[in-house]
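A single chain comes next, written as structure tokens; it is the form predicted on its own.
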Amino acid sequence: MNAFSLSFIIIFAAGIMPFLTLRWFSASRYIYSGLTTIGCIAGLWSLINSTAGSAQTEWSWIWLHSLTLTFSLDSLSSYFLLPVFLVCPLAAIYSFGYFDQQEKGLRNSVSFFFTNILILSMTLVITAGNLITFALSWELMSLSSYFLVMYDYSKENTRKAGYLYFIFAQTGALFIFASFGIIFSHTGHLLFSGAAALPDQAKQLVFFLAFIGFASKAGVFPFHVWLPHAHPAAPSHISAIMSGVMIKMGIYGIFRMYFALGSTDLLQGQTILFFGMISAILGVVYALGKHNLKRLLAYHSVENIGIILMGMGLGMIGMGHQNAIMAGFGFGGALLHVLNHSLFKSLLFFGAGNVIKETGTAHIDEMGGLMKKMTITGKSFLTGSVSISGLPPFNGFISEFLIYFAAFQGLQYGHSSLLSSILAIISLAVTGGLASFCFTKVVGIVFLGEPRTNGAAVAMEKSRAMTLPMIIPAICCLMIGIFPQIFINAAFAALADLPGITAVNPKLVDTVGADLALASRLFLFLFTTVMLCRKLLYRKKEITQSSTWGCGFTRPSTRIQYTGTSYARSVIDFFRPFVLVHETAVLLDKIFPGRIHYKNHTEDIAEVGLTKGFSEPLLALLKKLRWIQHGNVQLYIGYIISTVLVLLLILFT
């Protein structure tokens, strides 16, 4: 038995153990967290060994005497397994502190079980070697994550989020399976490799059907509607897994299908790039307008999936022009951002879970001043915020730079490729600026200033199990930033087993990596030097503390602090054509005014369009057809007989 198989058995056993140890609450959590961590470390160990040794590994067996289930491990699947085995053990440790209510022991055990089923199913999706194996694993992943979203099923919002997620997951699966059906109808077998033999028109159809299906799982705009509802509903460590790892299965699917088809049509790359740009910009704009901390982070997942898609789109355009540098750096940047996003997004969701648990609210305008009481959470969250904003010396800067590099390669071409590259550069810059603005809002309002509520005033750091999973990814974000060469090389190595892609000159990759390392280290050195100088200069001076300037108010209070609404209002106003804003305001209208207030609520145009343009007309139509339902069994049998007769007439005429 190898380490990979052993990790499977341990993770599955870890999911079962909470049921067997239900009577012993603490022991149950210790056993679950310990075994899941050991299982993931074993999986990680097997990846390191497989990377160092032979290229591909394959397993298969016959199921139901007819279907062959095949699993294989190549360079791309090994790379996508990294986030699974890095983030999931952190989530398991985090759950030890997060699930601390003994009266919810059975519900927690069910959640532990489905969490580990989700871990295993994601591993199966990534290692699936043929279409039927992929489809079965995909469904297992969708169903297990649905049960995790429904943890607080007694709440109406949770049930709504669960249903919405289920509908999007199954609709996406239908598109994916339709693309698989077209491949099977042309090739007669279930191997991914058969897709390369399809006619060009069939390839286009398969690619775009699969893209819609995978985009639904990845949270690409406008298929992301489930995502801002599911993340706030799920427990925070589940949100970390879903956002940090699970949505990347959609990205993996797009990668796998693109290279299986072997098509280098520019239209595919330009389409992916377009959806990437829209997702990146609108994702961060909607995040700016949100007041719920987890919903805000969910929209940042849409933004970062957009950045990943931009890298993929540029890579595909590079493939179309047979430009190895553009293709390599586009795909390499996208892959490195997959790993980076899994780290800083899980960190941010863990941080959100900590502050929500302590303050009792997810509304950022009801927090404030938490940096003094929850120092580890605050500093780790700040690290994740700088990382996700793409600033040096952290990891987001490295992957976004690679995508910039690919985009600048496209400037040498004319017409559509030139325009695509220019738009990609502008979109990346706008996205980075807006993300920085959004996280200054989050960190400033949640962690700085004075507490706005009693919950924020009494909040404090409690459990190491909930802070350790933040510290580890925070350190990883910094390490990738100042030692990027090894991680850039790993991202490029993930492309090694994919057909059709030409390897980029290793010297160029090393040079870019070395320059990025130098830039990050120089930035870190300057920052550290400035901080040390400040400390030395203030060493012998008396430091006094006084109340913050009250802006002319004689009795300053927390009510004069910036709110999330006031901070982001000017930016939201600029994007009004794409953001629906509902305002309620009573403003100053006389010399001695009464009580004034201002409140706004932003709406997602994709969600509004889906509701107004599809769901409501469909429901109205179904209401008109309600007369068909009488509750009469004989009538229903008549419907069935009539349907069968009509089908027979169609078939034999």
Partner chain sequence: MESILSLILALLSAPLFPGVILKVKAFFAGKKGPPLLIKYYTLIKLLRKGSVYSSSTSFVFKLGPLVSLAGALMVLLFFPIAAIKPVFSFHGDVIALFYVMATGRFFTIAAALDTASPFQGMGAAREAFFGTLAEASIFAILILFYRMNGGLAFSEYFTGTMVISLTSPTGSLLLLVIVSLFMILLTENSRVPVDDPATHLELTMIHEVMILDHSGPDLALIELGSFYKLFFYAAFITLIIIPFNPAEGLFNLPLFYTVLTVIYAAIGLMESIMARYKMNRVPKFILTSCTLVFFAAILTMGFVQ
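Numbering follows the first chain given and starts at 1. These numbers were taken from a predicted model, which means no experiment stands behind them.
Below: the form predicted together with its partner chain, not depicted.
In the predicted complex, at least one heavy atom of Lys541 sits within 4.5 Å of its partner chain. The closest heavy atom approach of Ser570 to its partner chain in the predicted complex falls within 4.5 Å. Remark: Tyr562 counts among the residues lining its partner chain in the predicted complex, judged by a heavy atom distance of 4.5 Å or less. When contacts are judged by a 4.5 Å heavy atom cut-off, Gly250 does not count as touching its partner chain in the predicted complex. Not one of Lys623, Leu635 and Ile637 is positioned with any heavy atom within 4.5 Å of its partner chain in the predicted complex. This chain appears without its partner; in the predicted complex, the one residue of Arg534, Arg576, His582, Lys507 with a heavy atom within 4.5 Å of its partner chain is Arg534. The contact residue chosen from Phe208, Phe527, Phe184, Tyr153 relative to its partner chain in the predicted complex is Phe527, the criterion being a non-hydrogen atom within 4.5 angstroms. Exactly one of the stretches 434 to 442, 484 to 492, 227 to 235, 165 to 173 approaches its partner chain in the predicted complex with heavy atoms within 4.5 Å, and it is 434 to 442.
Heavy atoms closer than or equal to 4.5 Å to its partner chain in the predicted complex belong, across 420 to 435, to the residues Ile422, Ile425, Ile426, Leu428, Ala429, Val430, Gly432, Gly433, Leu434, ordered by sequence position.
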